[in-house]
Structures are given as C-alpha cells and as structure tokens.
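A single chain comes next, written as structure tokens; it is the form predicted alone.
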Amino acid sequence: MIWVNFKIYKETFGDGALFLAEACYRAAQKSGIKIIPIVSPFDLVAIKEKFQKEVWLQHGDVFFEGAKTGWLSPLQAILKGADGFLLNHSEHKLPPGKISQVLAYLKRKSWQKKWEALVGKKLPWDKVATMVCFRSQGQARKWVRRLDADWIAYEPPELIGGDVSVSKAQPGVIQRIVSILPKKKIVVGAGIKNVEDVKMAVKLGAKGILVSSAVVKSSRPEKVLLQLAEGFLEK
C-alpha cells in the first residue's frame, strides 16, 4: 500500500488537491496497489464528494466535541467522510498519552456508543483506520508496541524530504523494528523516491510506504506513483 501525504504544499491548494487525489486513484486502479491520499481538512469534503473513495486526514486531536476553539475534531471529520487519520507525524507531534487517548476514543465500543448518541446516528467505526508515526527503535520498544493502531509508520525525521531513502540509509534499523513489533503492520517513509527504495522496504518487512514530496511536487504524480507501485509487484 501507498499513502501520499499532501502536507500543505502549494501544489495542494485549490484544484491541486483534486488533481493529486485523482492521480492517486487512477494509479491505484491501473496498478492494483491501494493508494490513499492523506489530505488537509480544507480538502476532505471536496475530494470525498468528487471521487467517493478512501481519503485520510493528516491529523486528529484528542478533543472530539465541545468548547475547544481551533482543534480538529476526529468526530466531525468522520461525519464529513474521513476514512482514516495520520497521527504523530514528526511535523505534528503528539505526546504518547494523547495518541493513546485518541485511539481509545476511536476504537473502544463504549466511546463509539457515546459519540453516536451525541450525533444521533450510526458511524462506520470499522472502516475508520489509524496510522501512528514514530521516529526510533527506542520509541518502538517503549510505547509504540502498546498502541491500538492499524498501521505503524517508521519515519526518521532527518531523512524526510532528503536525497537518501530510509530503505537505503537504515536497512538494519527497519529489520530490527519489524522484529521488535512482529504483530504490527509496519509502514516506512522518508526519502522514498523510486522503485528500488520500495522493493528494499518490502524485502525488509514493510507492508507499505508513506511518501510526500516525491509525488506531490512532481509535474506527473500519476507516473511517479505507478513507478513506486511496481516495487510491490516485483518479486
């Protein structure tokens, strides 16, 4: 699987977000590899309404409802069509306790029933996915292993947006993380730009990749995604 983090690059402003989302969905259809855009809340509704496909948000706060000015409510996002949340990206970090709290609010039946009673309707909890980012083996051992997240993404911040991918720079680290978290679905990101990066990540045990600038800032994002998808298809 491939997740494309739109961040807030100027290429995602206005119609740019729709153009990139379409590139993701077209590349997914052509390759047979699932590709999910992770977008700004400003673009969620437009993308969902136009394509009626899976789309995630780049963040979700611990406050689901109430007098909390300026926070991003996961509950409201789900009502607007969000299918998943990226949490704790290195550019938007959360304390481990807050991450666990958000996941509990999303995953536990008691909280699900509370939110449904609050909004007066059933919500598709089984279809709402989560990915938590982390940055080191130490974090994997200390608190990541205890998280109830659907996906766990290893992204060393010093490699994000760089010229060398995590696959090439830290193959041993990826292998150790996979062994530390044997029951988790591991995603890797940072600097991934080509099919060789993807093939190496898959060989090391990753189940997916998280990319951004290599796709978002490309003049031909669909072509880039098709090339990256080949890394999952080749043996």
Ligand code: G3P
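Because the structure is predicted, anything quoted here is derived from the model rather than measured. So that there is no doubt, residue numbering starts at 1 and follows the sequence shown.
Unshown form predicted together with SN-glycerol-3-phosphate (G3P); subsequent notes refer to it.
Shown alone here, residue 225 lies farther than 4.5 Å from SN-glycerol-3-phosphate (G3P) in the predicted bound form, counting heavy atoms only.
Contact between residue 218 and SN-glycerol-3-phosphate (G3P) in the predicted bound form is not found at the 4.5 Å heavy atom cutoff. Not displayed here, SN-glycerol-3-phosphate (G3P) is approached by residue 190 to within 4.5 Å at the level of heavy atoms in the predicted bound form. Not displayed here, SN-glycerol-3-phosphate (G3P) is approached by residue 159 to within 4.5 Å at the level of heavy atoms in the predicted bound form. Partner contacts here mean any heavy atom within 4.5 Å of SN-glycerol-3-phosphate (G3P) in the predicted bound form, and among 27-35, 62-70, 167-175, 206-214 they occur only in 206-214. With contact defined as any non-hydrogen atom lying within 4.5 angstroms of SN-glycerol-3-phosphate (G3P) in the predicted bound form, 155 is the only contacting residue in 119-156.
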